[in-house]
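Just one chain follows, in the form predicted on its own, and it is written as structure tokens.
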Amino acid sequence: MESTKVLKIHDLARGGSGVSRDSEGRVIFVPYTAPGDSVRVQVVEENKRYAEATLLEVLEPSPLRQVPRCPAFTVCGGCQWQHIPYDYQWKIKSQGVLHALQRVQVEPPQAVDWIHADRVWEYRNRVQLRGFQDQLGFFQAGTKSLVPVDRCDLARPEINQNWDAVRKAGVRLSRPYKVELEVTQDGQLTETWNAGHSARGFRQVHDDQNEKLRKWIFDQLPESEVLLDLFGGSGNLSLPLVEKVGRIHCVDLSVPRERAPQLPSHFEFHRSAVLPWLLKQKVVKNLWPNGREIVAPQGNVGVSAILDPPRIGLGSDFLAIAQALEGLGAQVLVSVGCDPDAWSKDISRWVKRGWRLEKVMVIDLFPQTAHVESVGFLTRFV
């Protein structure tokens, strides 16, 4: 049964909500609150160990609290932390990754790189807008109710400058519509109307941070005969390695339908789910043209891999994917994840199989939200 409570918020969960306890000691999660807030809340979901509540009123604001930039904050649902200073956001994200590793009993290596964002506003190179008649904006979180807005404070200036033009074009349509605006890497603004998400191909939304992510992976991976870029999309993480690797296989259901003419011949796309593709590679020599065997130059490795799976991690496919990679002779891999718990679980599984976690990087690709990217570099020499 729903009930109202007055609570003191004492912490932030890495999922985004403020954390409190009621008089019985039960944990209560309250979105859009800050440590130090005194709040009145409505409990909307109860479990034995915790409850979920919605914020009704801030009775006494925390000294930590700041004024959100966006008037639709808490309604749109795209951001969770505009009311929290960025330095504190980054602290919670960093601690959250370490805590996730500790929960699965993985000792973080001494070599941990922490890469916060310098550009924390107006960084998104792509937004998906919804509209009907003269209203343009975003869906409310968890609903299909339109929240009209005049701009997005996370979107690149080029997108906000085109907002009114999109609205005027949408007025001419008789039905609700969706339009994806994207600033391309060469600075051009594209519009994609009523198509699937990322119809032009997936791309990380924070270009500055993405370049740091790509460089970190480039620096960790040694020269190798073959690189398997699994869940690789358009090759975002492997393209910088074309001069460092003898052959690259980028595998994903969403690889580009048309091959860019500037791609070197040793970079291959495979439109496939990852596990079936791996299982087809019955012996390592299948990864080379003409079936030649591996002869790795001294100091190089034969096979390396990048794994950037969906938010849930490798899940139930982990064992089969691990066995396939090991059977193909993989000696080094980079594991990327956007959910600390799922990523840490995968890392613990690799470690239990004899892989060594050499280095970790935590990078913020999504300021003003609770999302954070974690990357592990692992080796296995037998």
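A quick note: this is a predicted structure, and the numbers were derived from the prediction, not measured. Residue numbers run from 1 along the displayed sequence.
The form predicted in complex with a small molecule is left out here; the points below concern that form.
Screening Gln281, Gln128, Ser272, Gln140 for any heavy atom within 4.5 Å of the small molecule in the predicted complex leaves a single hit, Ser272.
When you look in the predicted complex, the only residue of Gln135, Asn160, Gln204, Thr192 with a non-hydrogen atom within 4.5 Å of the small molecule is Gln204. Remark: of stretches 218-226, 234-242, 144-152, 79-87, the one touching the small molecule in the predicted complex is 234-242 (heavy atom within 4.5 Å). Shown alone here, Glu182 lies farther than 4.5 Å from the small molecule in the predicted complex, counting heavy atoms only.
Contact between Ser254 and the small molecule in the predicted complex is found at the 4.5 Å heavy atom cutoff. Within 4.5 Å of any heavy atom of the small molecule in the predicted complex lies no heavy atom of Pro71. Although the partner is absent from this view, Gly96 stays clear of the small molecule in the predicted complex, with no non-hydrogen atom inside 4.5 angstroms.
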